[in-house]
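In structure tokens, the next block holds one chain alone, the form predicted on its own.
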């Protein structure tokens, strides 16, 4: 705050923020409401002006609202999107002053001390705010005063502009609920005859403090400026992008790689400071004719090592048409993931990252989703004992937790001739005559009764490891409930 200058605060309240956000994208004529499941019931979350005129209110059960207003149109509320939209409004409001913070879930607070004269005074600044927000389709109520509490009270209950030094005169006629106190405290004060802020300011303080605690008087003093109340601006989210403007155009691959290396060093320093790693990068090259070309690189693991990332860009940069030269390079991490710091030891130092780099190189050609790995699954059924997942978005798991070994190759069961519960001495499989030399088993596997599986309707299976004299090691099973022999796998 500037020395000798009175602090001035503006409070913006968006009473229909959620519905205004949706109606800006999909305008609706007539009553409109957003619904949200609350207390095991579908209730009204936010309304437009037409729905309010019909007597509807937030918190009302949706079925009752439809009974009162049959032509009510509705949509499911998205509170997370509303908060994201409010954050966008906060960034927009920084055009009026640098100190802008969030006020609950549907409001903003601005410290305009020393910045109002840039817009022709407070009146012109507030008028500019209102007109821009109304053109954007947003309902807003604005309060301006010397304190944050008074500005909030005026925005929510009076919507006015309190002149400098006249805070009490501006808010004394407002209800006590405008002091941001609990509803039960507000009701109790009204029962005592203290209905307005002016009545409360003239009442003896000691009895109020004994009965309602220190919070009530603290809120009153904050509104009147007797107690300070800070405005904390929301910190800007880290922006992982760097760029370089060149005095002379370049076109050689070696020059572009050198520029990319310099940008990577700056970007990775930002990522390391935030303990983040880049999962997807976009390099934009601007030519002197203002044409833009991009090289995207998706990584198998979040990285912040510039030396490992630089080599992955070489293939994409060889396909760039430099034209008459490139005069600007911009590198952005479009997707990042947390990479917390780890304790370095001899095990981590010896771990190689060549596999991740190989997956990234192959993924740039055929797509990361097409490079897959097998992962163990929690099932004793052979066909369900594994999962197939993209290698770039999964980590190698531990070995299959099985008592008995499983074959490397699995295939659908193929019938062979045999009788009895023990493996046949001789059988023919895939036009090959085989002789059983040694058999290990049986291992009985029961079907998972809670899952429908057409292949296991025959019931139990007794699995055997059969070593043939011809050198083939097969996995056979016998179905006792429907006698028959089948081959389902082969060991390496």
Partner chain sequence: MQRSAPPSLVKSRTHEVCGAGAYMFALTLAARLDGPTLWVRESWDLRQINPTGFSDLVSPSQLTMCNTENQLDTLAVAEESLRSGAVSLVVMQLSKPIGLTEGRRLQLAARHGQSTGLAIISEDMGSHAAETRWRCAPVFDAEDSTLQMWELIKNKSGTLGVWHVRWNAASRRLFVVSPAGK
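Rigid core: the largest C-alpha set superposing within 1.5 Å between the two forms. Please read all numbers here as calculations on a predicted model, not as lab measurements. Positions refer to the first chain, counted from 1.
Although it is not shown, the form predicted together with the partner chain is what the next lines describe.
Residues within 4.5 angstroms of the partner chain in the predicted bound form, judged by any non-hydrogen atom, belong to 387 to 395 and to none of the other stretches in 387 to 395, 268 to 276, 327 to 335, 87 to 95. Interface residue remark: residue 19 is not counted as part of the site for the partner chain in the predicted bound form, having no heavy atom within 4.5 Å. In the predicted bound form, no heavy atom of residue 318 sits within 4.5 Å of the partner chain. Among heavy atoms of residue 187, none comes within 4.5 Å of the partner chain in the predicted bound form. Using a 4.5 Å cutoff between non-hydrogen atoms, residue 437 counts as a contact of the partner chain in the predicted bound form. Only one of 79, 407, 251, 302 lies close to the partner chain in the predicted bound form, with a heavy atom inside 4.5 Å, and it is 407. Note on contacts: among 201, 124, 246, 371, the single residue with a heavy atom within 4.5 Å of the partner chain in the predicted bound form is 371.
Residues of 453 to 492 lying near the partner chain in the predicted bound form, listed in sequence order, are 467, 468, 469, 470, 471, 472, 473, 490, 492, the criterion being any heavy atom within 4.5 Å. After superposition on the rigid core, the Cα of residue 172 moves by less than 2 Å between the shown form and the other one. Relative to the superposed rigid core, residue 313 undergoes a CA displacement of at least 2 Å between the shown form and the other one. Residue 455 shows a C-alpha shift of 2 Å or greater between the shown form and the other one [criterion: core-superposed Cα displacement of 2 Å].
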